[in-house]
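Here we start with a single chain on its own, the form predicted on its own, put down as structure tokens.
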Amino acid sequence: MPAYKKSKKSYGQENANFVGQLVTRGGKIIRRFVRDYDISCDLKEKNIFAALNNGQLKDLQETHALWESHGMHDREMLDKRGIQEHIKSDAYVGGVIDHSGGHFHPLNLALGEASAIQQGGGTIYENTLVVDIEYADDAIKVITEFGTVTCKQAVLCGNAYLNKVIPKLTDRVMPVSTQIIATEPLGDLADQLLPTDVCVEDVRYILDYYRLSADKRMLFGGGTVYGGQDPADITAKIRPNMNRIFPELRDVKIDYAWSGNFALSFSRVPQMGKLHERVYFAHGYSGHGVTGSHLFGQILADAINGKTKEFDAFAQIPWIPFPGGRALRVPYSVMGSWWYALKDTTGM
């Protein structure tokens, strides 16, 4: 369920209006960074939300109407014939194409942004494990395994990788792993399967997502493991999903497979706030962290510089804990995923 619909249902119309007005800003920030800092990250335009049955298509139609109500007129409904102009698969009954969306090489974007930070005088310390944070009225001390950093403000953005360093944040989110496989370069077959070179995600609870790389590989992702553990065989877990969408890829070679964690919030709505007057945090993007973190980064930067209107609006949105606390959040989520997977399968 998109964050806007979740916000309206759980937190009321006012908060939903606020979230709805921010939906596209993260993508605009990314495009500005790519342009201003000349970042080579294979940026491509447009993405598609795909429906596998009529129930999902109806949900997308309702979501499309909500987007329209907030002035977002760059999304277009697609029927079965329309979606097949972009995706040569019989799996989908329709969908929505987002003309404001896009896709790119995320590591190259991060490396380009890191280079821009360094060129601007910033310093980046890698492979430095934080073990504790000490709060004081005049400064914050970040304790690492190699030494201590004293700063005026700290921003905690470890998301699914904070571990137990910040106990107050541990129970707010749960690490969940998602997996991706990359085929061998497909040549002309890539253009046949995705002729408009869009990226795609379906709208199931446990979804598939895929796109073409710059060298014409199919990057196909999906799957979830609650708690953040990697599956024993990523290719065996993900490849059947790819073959169902594109039987033409049944015999192609899988060159790479990897897994990584995102931070799931119970409500699927990201969280932002303060642990101390000088310590901010942002996390819980629930699988949409690339655009979400760029948006939140801008809001946090504004707040640190005294412009707190948007930060205050997000910070006051209540967070909902996982039922059962830390001990039961994984089994609870697994049971919930079984139920939603059944709904996905039956089209309920």
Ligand SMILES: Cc1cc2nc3c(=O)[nH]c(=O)nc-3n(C[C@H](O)[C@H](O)[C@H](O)COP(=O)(O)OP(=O)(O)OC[C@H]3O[C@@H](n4cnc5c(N)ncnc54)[C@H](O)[C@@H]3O)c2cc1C
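Everything quoted here is computed from the prediction, not taken from an experiment. The first residue of the sequence shown is number 1, and the count goes up from there.
Keep in mind the form predicted together with this ligand is missing from the figure; the text below concerns it.
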For this ligand in the predicted bound form, the stretch among 160-168, 91-99, 188-196, 247-255 with residues bearing a heavy atom within 4.5 Å is 160-168
Of the residues L109, V155, V130, M72, which one places a heavy atom within 4.5 Å of this ligand in the predicted bound form? V130
Note: exactly one of G289, G297, G55, G27 sits with a heavy atom within 4.5 Å of this ligand in the predicted bound form, namely G289
May I ask you to check whether Y285 falls inside a 4.5 Å heavy atom distance of this ligand in the predicted bound form? yes
Residue-level contact is defined here as any heavy atom of the residue lying within 4.5 Å of this ligand in the predicted bound form; does T63 satisfy this criterion? no
Considering only heavy atoms, tell me if T178 and this ligand come within 4.5 Å of each other in the predicted bound form. yes
With a cut-off of 4.5 Å between heavy atoms, is F266 one of the residues that contacts this ligand in the predicted bound form? no
Given this ligand in the predicted bound form, answer whether the residues Y209, F262 and S293 all have a heavy atom inside 4.5 Å of it. yes
